[in-house]
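Same chain, two forms, each on its own as C-alpha cells: structure 1, then structure 2.
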Structure 1
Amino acid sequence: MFKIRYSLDCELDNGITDIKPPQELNVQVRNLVLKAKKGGVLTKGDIVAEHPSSMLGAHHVASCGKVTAVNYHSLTVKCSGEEDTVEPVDVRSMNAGAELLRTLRGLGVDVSQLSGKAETLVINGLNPEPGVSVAQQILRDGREELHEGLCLARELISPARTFLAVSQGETITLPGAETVGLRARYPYSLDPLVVRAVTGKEFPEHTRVIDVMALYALGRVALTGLPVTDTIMTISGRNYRVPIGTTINHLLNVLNIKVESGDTVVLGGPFRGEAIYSLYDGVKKGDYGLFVTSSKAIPAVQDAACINCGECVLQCPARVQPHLISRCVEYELFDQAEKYGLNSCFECGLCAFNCFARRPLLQYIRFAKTQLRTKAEATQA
C-alpha cells in the first residue's frame, strides 16, 4: 500500500496583513439564536447571535453599521466606517470559575476545552492542513497573545503538565509548556493524532487539546478585553487578518484572484474545507484558509456508485470504513453507519480526497453526524 503524506511546512516571508475593510458584512447565523434585527444600528463588537450550546462562543459584528437584511442563513450589515467599539471587559482580573467561562463565551470564545480540570494540556502548534501556514505564523508573530492565552487556559484547567507540539526541528518555546517535535505531515496535525503522538495513548482520559489558533484568540481577548471579530486566513500563500463576515467576493477583488465559471472556492483547507455556495457568503469564525480549485485541475465530486476499490479504508487514519458508512448514509441508515465507525471519524478528508469515484464521502459523514446529533437533541428536549 502506498500512502502519500502531505507536508505541512510552509515558507513564511512576511507578517500578518490586515485585509482592506469591506463595505458590507455577511455574517452567517444559520442554526444560531439571533440577537439583532433588521434596521438595527450596531457598534463594532456588538453580539449579533449566540450559539445554542452552552460551550460555544457568541458571534459579534466586526464593524459599525446598520443591519440591512436578515434571513435564516445570514445577517447583512452595511458598514458605516466609524471606529467606535464596545466597552472592553477586564478579563485578566477575574477569578477562574463559572463567571469567567460565561464572560469568555460572551466574548466569542469556545470554552469547551477550558471547562473543568485536566491532568494534561496539549497545545497543537502544527499547521492544520497542507497549504495553510496560520499556526506557523502565529507561533512566530503572536508570542505575547499565546503566552497570555496559555496563562488563562492553565488557570482554568490546572494541568499537571502542558505540552506544545511543533514541527520537528523547530526551536520554538512557550513559557509553561514542554516542547515536543512531531512529523509535520498531514493528517498527523489532527488533534487526536497529535495527542496520541505526545502522550502515547489514543483518547487518553483527563487530557485537553487546544490548537494555537484558538489559544491566540483567547490571548487577544484577555489582552484587549474585546470580543473575537476577526480570523487569520492563508490566501495565496500569505496570511491575512480578515473581519468575520467579509464576503468572499470582497477578498477575491482585493487580492486580485480570478475565479472562472465551474471553479470551486473552498473556505478552510484543501482536505477539510467546505465549498461555498455563493461568492457573497461571509467568512466564519474559525475559517483559516481560502482556496480556489480550477474546474480543469481536479474532477468534480459526484454522487457516483462506490467501485469497491478500498482506497478510502487504506488511507483512513481512524481505521474506519468510509465506503460502508457512506452507503448507509445514502439510504438514511444513520444508526447502521455508527456501527461502521462513524463517531470515530476525525473528518480528515483523506477518504474523499483519494476516492477514485469522486464520491462526497466527507460530506456524507458530516451529514450523518448532524442528523444523529439533531435526533439526540430532540429526544432530550
Structure 2
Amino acid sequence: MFKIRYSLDCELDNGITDIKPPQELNVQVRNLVLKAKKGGVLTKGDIVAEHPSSMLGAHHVASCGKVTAVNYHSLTVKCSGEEDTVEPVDVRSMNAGAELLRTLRGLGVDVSQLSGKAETLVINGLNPEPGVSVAQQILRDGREELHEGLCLARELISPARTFLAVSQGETITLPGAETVGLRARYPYSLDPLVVRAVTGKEFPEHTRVIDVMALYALGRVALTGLPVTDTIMTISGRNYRVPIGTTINHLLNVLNIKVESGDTVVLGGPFRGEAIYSLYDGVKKGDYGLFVTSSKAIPAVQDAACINCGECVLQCPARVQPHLISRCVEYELFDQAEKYGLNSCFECGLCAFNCFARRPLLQYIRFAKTQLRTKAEATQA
C-alpha cells in the first residue's frame, strides 16, 4: 500500500544509470510533421518529425536502425546496434540570434522560453512532483551541462537577474545565478508558483522560467552538438537515462517490474502525468517518471454530479473555481468557464485529487483549454 505525500525531497543514493539499449523504438509522432518514411535507414540523431509550431523542437531517432512501421500514432524503428551518430553541430561558436534559435530547434530544444529578451530568468530546480527526483539528481550530477546551458540561455535572453530556485536547505549554486531556497512541497514546484516565490509577482511580465531538466538538455546539446535523444526518468526511486522511444515494456523488463491487467501505468508524475494504454508505447521527450499503481488502491474517477462541498476551491493554489468550471465544461460552455478562472489555472491537479465526488476536474479543465485554443486557431486561420 502506498502513502500519499506532498514533500518533494528525495534521497539520492545513486548516479544516473543508463538503460540497456532497446531492440526497437516507438517514437510518438501524433500531431507532428513526419520527416521519415517507412523503410528508411536512419543514423542516431536523424530527424524523424517536426513540430508544427515555430517554437517546439524537432524529434530525432535515438539509435541507428530501419523504420519498419509508421502510422498516425507512432513510428517504429528496428535498431541495428551500430554506434554511428549524425555530424555534431558546433553550437558554442554561434552568435545569439535567430540563426542560433533555429539551430537549437532543429536539435530538439523547446525555444519558447529562449527567444527574445527578458529582465528576469528563473531556473526551477525543484523536483516537479512527489516521487520524482530528476531535478535534484541533475543539480547534483549534471553541473557541467547546467553551467553550459545557463551560459547559452543567458546569452540568448540576456536577463538582468538570474535566479536558481532549489529546495530549502540545499547549498547548490550555479555561476551567474542567485540561489533561492523554497519549501519543497507540491504544488509549490510548479513554474508559476516558483516564479511568484522568487519575484513576488503572479504571472509577471518580462520573466522567463526554465526547469533544470530543460536546461540540462540545452547544456547537453551545446556540449555535444548532438540532438536531444534521451530523457532522465525516475523509476522506483532511481534515475535512469532513457532513449526517447524506448517502449515501456522494455523498461519494465530491464528493471524487473511486474505489471498485471488492471494496473495503471503513468508516464510523468502522479499528479500531472499521462496514463498509457499500451505497454508498447514509447517514452516521449520530457517524460520525467514512470509509475505503476494498482487501480484498486485508489477509488476510481466517476462521472458524478458536483455536491458543491468547496474542497477544490479551498485547496486551489490559483484561487480559481474548479467546481463551476467543471459544471460549465460538462455542458460545453467553454466561454463561461473562462469567467471562473480557467486561464489562471496551472493544472496542478489538487482539485481532482481532493474531490469527494471523484470528478475528473483536471481533465475538464484541460479539455476546455484545448477546445478554446482550437477555436481560437480556427478563427485566426
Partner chain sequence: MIHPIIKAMSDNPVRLVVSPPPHWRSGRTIQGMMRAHLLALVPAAIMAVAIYGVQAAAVIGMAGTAAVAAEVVCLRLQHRDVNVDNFSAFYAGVLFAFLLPATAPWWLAAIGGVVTIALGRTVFGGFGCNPVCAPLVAWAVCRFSWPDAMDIDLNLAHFMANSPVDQLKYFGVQSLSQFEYMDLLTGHQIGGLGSSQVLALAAGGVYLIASRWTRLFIPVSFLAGVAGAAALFWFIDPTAYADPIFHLLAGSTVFGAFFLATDTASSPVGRLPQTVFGLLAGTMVIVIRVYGVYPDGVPFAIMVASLLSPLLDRLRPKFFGVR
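Superpose the two forms; the largest set of C-alphas matching within 1.5 Å is the rigid core. Please note that residue numbering is based on structure 1, beginning with 1 at the start of its sequence. The model shown is predicted, which means the values in this text are computed figures rather than measured ones.
- Comparing the two isolated copies of the chain, the second one is the form predicted together with the partner chain.
- After superposition on the rigid core, the Cα atom of residue 333 is displaced by 2 Å or more between the two structures.
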